[in-house]
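The chain below stands alone and is given in structure tokens; this is the form predicted on its own.
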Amino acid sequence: MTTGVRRRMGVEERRQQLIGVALELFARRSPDEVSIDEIAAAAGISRPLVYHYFPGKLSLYEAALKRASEDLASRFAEPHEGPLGARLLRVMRRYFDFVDAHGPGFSALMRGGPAVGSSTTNALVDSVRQAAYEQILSHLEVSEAPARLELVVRSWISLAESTALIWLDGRRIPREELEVKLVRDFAALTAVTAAYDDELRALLRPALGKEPADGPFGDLVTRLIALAS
């Protein structure tokens, strides 16, 4: 018979454990509603020991949200293989996987609040948006976006955020439907802008011209033609 002995963690290992515990709690409730006492209890340590590793409640929240923001930003990375619509659909599925798993924390982070409204956490949100923006441009094979294309892409990223937040409030629409809708929204936004901008039309034609008729972009075109007829 062996006797279990609790292993002493190193400083960085303990910090990472506390960050992980905080993220698990944020997945169920808003960061503002989670206390240091709860985090300490879940980690199996005392409240003073939490403050040994993090100088204050906000610093722990910021560290946890930094990890979450890096995870969320990574969801936009996608191999440049296959039609653009299919790539964006895979991205949206991973995006909603994150939203689904971290609902309260995602909602609090995007909407702001006393615990997450610091300049640090605001910068984290901006870093996710910038990572998404750069990934979309890379899939369009555009290194430097004209002003109108930048407006379209950043507007679509904001639309994805707003859609996810609305979905979290009751989940009244199947997420799979919203994932496809957002891909079609991207196609619609770019098409409307390109229809009145020769430069943008030339930039987008190589990527959009490869879309199959049965993909999310092609299906949208078919339905729009039917609507107008």
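Fair warning: this is a prediction, and the values are worked out from it, not measured in the lab. Residue indices: 1-based, along the sequence shown.
As for the form predicted in complex with a further copy of the same chain, it is not shown, yet the points below apply to it.
Taking the partner from elsewhere, Leu159 is found to have a heavy atom lying within 4.5 Å of a further copy of the same chain in the predicted bound form. a further copy of the same chain is not shown here, but in the predicted bound form it comes within 4.5 Å of a heavy atom of Thr193.
Within this chain, Arg67 is remote from the site of a further copy of the same chain in the predicted bound form, having no heavy atom within 4.5 Å. a further copy of the same chain is not shown here, but in the predicted bound form it comes within 4.5 Å of a heavy atom of Ala188. Within 4.5 Å of a further copy of the same chain in the predicted bound form, a heavy atom is found for none of Glu33, Ile45 and Arg75. This chain is drawn without a further copy of the same chain; in the predicted bound form, the residue among Ala63, Leu178, Leu203, Ala40 with a heavy atom within 4.5 Å of it is Leu178. Contact annotation: of the candidates Glu150, Glu134, Asp97, Glu141, the single residue with a non-hydrogen atom within 4.5 angstroms of a further copy of the same chain in the predicted bound form is Glu150.
Taking a 4.5 Å heavy atom cutoff to a further copy of the same chain in the predicted bound form, the contacting residues in 210-224 are Asp219, Leu220, Val221, Arg223, Leu224.
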